[in-house]
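Here's a solo chain for you in structure tokens, the form predicted on its own.
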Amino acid sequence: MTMLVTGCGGQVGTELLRRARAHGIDVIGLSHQELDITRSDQVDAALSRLPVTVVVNAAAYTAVDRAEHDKAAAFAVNRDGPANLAQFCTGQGIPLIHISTDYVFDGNKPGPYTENDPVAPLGVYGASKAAGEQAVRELAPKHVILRTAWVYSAHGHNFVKTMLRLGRERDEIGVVADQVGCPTAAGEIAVAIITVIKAMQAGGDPWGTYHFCAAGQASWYQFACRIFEIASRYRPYPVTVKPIPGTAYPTPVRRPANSVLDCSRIEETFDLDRRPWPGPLADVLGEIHNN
């Protein structure tokens, strides 16, 4: 099986390229510079010449705040791009795995969100991702939509690396304590996707929407505290982390207060074990330190 990864320069895309061959899967990566998924002609031309048997769409417009003023670009990448990939995959009879987000929900539910909960995005980013999901469902019968949350890794821009930078620059950091979610390392998402692909190889019929995050939950404040607790094994971070309400850190778009996802469906369908989030966090911080 040959997996094509769009958006291979992003966090999940990078991890897929790193891990796929170790699991016996050939992989081809195309970055945004190599393939603009918003152009259907580029999608058809690029993918038609490659020996692709499954497509993983890891390309996305992820600038949550900037999307409020850049709606056309957000919808082009997050809705039209997946639609172009879905049309190609359907024409070739190959499956599409599309990565989505917890931000399709408004965060008002008191417990974890299941795949059957109605979407209600709070801003343009979430709305564009919800529209991309719908396009994939309508255009690609053989699809897996994988919603995840709070993604970080040793590369790219993410909360973990921002905290480490601020910890070197400041004596005190205020971090939001009233928004709760599931910190998830990109490498864990890559392994989950590879598990899904292996089920396809074995002749499974796993189509539909799934949630995948690391096990457990935390507020951004708790996440930050654990980051510095683990990172201090490698170098001192004499910084005080102060819990603040979300209202004290105003942003152009409101974040969901509850981003916790119920992942029981993917666990049961693919016999998938999820690691508690502090373990992968320690792995990523070790990689950052060693680099």
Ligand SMILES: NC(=O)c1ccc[n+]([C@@H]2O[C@H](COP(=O)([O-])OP(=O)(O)OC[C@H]3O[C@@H](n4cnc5c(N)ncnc54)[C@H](OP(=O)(O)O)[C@@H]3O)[C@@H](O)[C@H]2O)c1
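One rule holds for the numbers: they count along the sequence shown, beginning at 1. Just so you know, these numbers come straight off a predicted model, no measurement behind them.
As for the form predicted in complex with this ligand, it is not shown, yet the points below apply to it.
Asks: At 4.5 Å between heavy atoms, is E133 in contact with this ligand in the predicted bound form?
Replies: Heavy-atom contact with this ligand at 4.5 Å: absent for E133.
Asks: So, I99 and this ligand: in the predicted bound form, are they within 4.5 Å at any heavy atom pair?
Replies: Taking the distances in the predicted bound form, the answer for I99 is yes, it comes within 4.5 Å of this ligand.
Asks: Counting only non-hydrogen atoms and a 4.5 angstroms cut-off, does V151 reach this ligand in the predicted bound form?
Replies: V151: yes, in contact with this ligand in the predicted bound form.
Asks: Residue-level contact is defined here as any heavy atom of the residue lying within 4.5 Å of this ligand in the predicted bound form; does T62 satisfy this criterion?
Replies: Yes, contact at 4.5 Å.
Asks: Can you say which of 86-94, 172-180, 143-151, 198-206 gets within 4.5 Å of this ligand in the predicted bound form, counting heavy atoms only?
Replies: Going through the listed ranges, the match is 143-151.
Asks: Which pick from D36, D262, E229, E68 sits with a heavy atom within 4.5 Å of this ligand in the predicted bound form?
Replies: It is D36 that has a heavy atom within 4.5 Å of the partner.
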